[in-house]
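Here you get one chain, nothing else, as structure tokens; it is the form predicted alone.
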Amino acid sequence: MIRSFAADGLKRFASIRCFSSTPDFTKNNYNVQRGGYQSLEEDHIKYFQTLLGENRLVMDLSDLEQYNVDWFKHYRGNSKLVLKPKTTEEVSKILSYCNKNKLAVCPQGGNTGVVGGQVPVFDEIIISMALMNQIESVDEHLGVLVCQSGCILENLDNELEKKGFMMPLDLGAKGSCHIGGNVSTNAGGLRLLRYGNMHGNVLGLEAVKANGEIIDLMSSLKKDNTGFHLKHLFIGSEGTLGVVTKVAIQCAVRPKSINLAFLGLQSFPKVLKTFMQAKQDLGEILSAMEVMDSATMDFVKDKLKVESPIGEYPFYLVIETSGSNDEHDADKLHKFLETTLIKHFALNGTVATEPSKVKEMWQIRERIPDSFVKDDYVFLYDVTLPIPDYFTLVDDVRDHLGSKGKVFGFGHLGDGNLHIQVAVDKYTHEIKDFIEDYMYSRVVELKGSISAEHGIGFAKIKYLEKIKDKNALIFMRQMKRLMDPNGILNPYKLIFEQH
């Protein structure tokens, strides 16, 4: 059922330009200089054909386009070859050969990233993980999933459902993204508040270094203090230190009861008070806390014809609970909502307990990115901020931008992850710099992070020095040189030096 209440009287971090046609090459748009890598030759192709067979090589120009261009059509590479291995051993042989011949490679999962980390910049050989999609085991006692890195997130969740478990990660791109990509970017998602990010859920992994060496860090143990926790080197390294080929993930028990509240609020201070009330009243069953402003809700309504179920308000909160007792959980959520109305934190709200209604209300939040794809020129920024300053940045950017564009704020309030979209009438490099130079500096002043869950990729690489300690950057470069001395792994991304 849906029960309603009313109070009486009362993500260049990642700059996204949505094109209707194929964009120009990234190297041209950003004036990038190619590294000293070898170009693909006939002998190289013959080796890969012998290794994989002709059917697992993609060389037709029309087929290559889907691998060379990112989903938002902002970045475009010029790869002439896609390889599709099925085993870790094949990945090992590919990388060993490429390293010896100084051929640059770009590992690619579902191609759903938004910072250009998954597509080539020049003619790097793309290693598609799409055929490494086998689930090896699910431990029915411990809930540990072992699978290859090319498995699609939603497929994994569907398989786990049969065993009474669920993936701890939930993303809008779950129908396309690969678990290997999720690990390599340390993905966050909608329920990080409850289940954490990939660093906390990956028990073990297998990866292949640039020289073809296979590093077996597989484990199903939650506790293992036998030396350096090397798996964490690969989580969030975006394919620059090695190619992840297999993972072991601690999965959560699938909740029997899921409820959702959709609230309308007057101001962000009221949002913060509601957030604190939810943590107190919902505690152990609180699983997600999403916020959006009225500009975002109006944009979704205009582009997708999706409306708020409670009318128009300056701010909206989507609050999810997950537990094991329908009556208990629904009662707690109803009492929480009544409290927020009595205390005048919220102006209006509705609660959904039926699965179909829960899904329907979640769609309002999950489809926000879809609405921005339908606009001509949109920049996306993905940042983390201290929660008290969560919407300070939105207000500041609006003041800075004035009539030059429209600013939209929404995101994962529970972990401080804010998404800001800026829509402009016409894309120019000048407006891009005008927005980003200010925003980057303001994030640093607010003691935030330039990347919350999308990684650094190509889009944010030049801004790392604004946020990272100098010695930390030096250490990152030293690690890159140690593990990939020829720099063949995903060049021009995250931490790059000319070779």
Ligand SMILES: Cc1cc2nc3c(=O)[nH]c(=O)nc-3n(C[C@H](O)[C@H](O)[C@H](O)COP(=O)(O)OP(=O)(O)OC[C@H]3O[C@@H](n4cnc5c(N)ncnc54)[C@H](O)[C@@H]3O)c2cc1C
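Remember, it's a predicted structure, so these values are computed and weren't measured experimentally. For every residue, the number given is its place in the sequence shown, counted from 1.
If you look for the form predicted in complex with this ligand, you will not find it shown, but the lines that follow are about it.
With respect to this ligand in the model of the complex, the three residues T26, E436 and Y463 uniformly fall beyond 4.5 angstroms at the level of their nearest heavy atom. Annotated contact segment (heavy atom within 4.5 Å of this ligand in the model of the complex): 68 to 76, selected among 213 to 221, 314 to 322, 339 to 347, 68 to 76.
Residue G110 is the only one of G110, G414, P309, G204 with a heavy atom lying within 4.5 Å of this ligand in the model of the complex. Contact with this ligand in the model of the complex, judged by any heavy atom within 4.5 Å, is made by just one of Q421, N259, T185, S287: T185. Using a 4.5 Å cutoff between non-hydrogen atoms, G405 does not count as a contact of this ligand in the model of the complex. In the model of the complex, I94 stays away from this ligand, with no heavy atom inside 4.5 Å. Of the heavy atoms in E238, some are within 4.5 Å of this ligand in the model of the complex. Not displayed here, this ligand is kept clear of T296 by more than 4.5 Å at the level of heavy atoms in the model of the complex.
Shown without its partner, the chain has L171, G172, A173, C177 in segment 162 to 177 as residues with a non-hydrogen atom within 4.5 angstroms of this ligand in the model of the complex.
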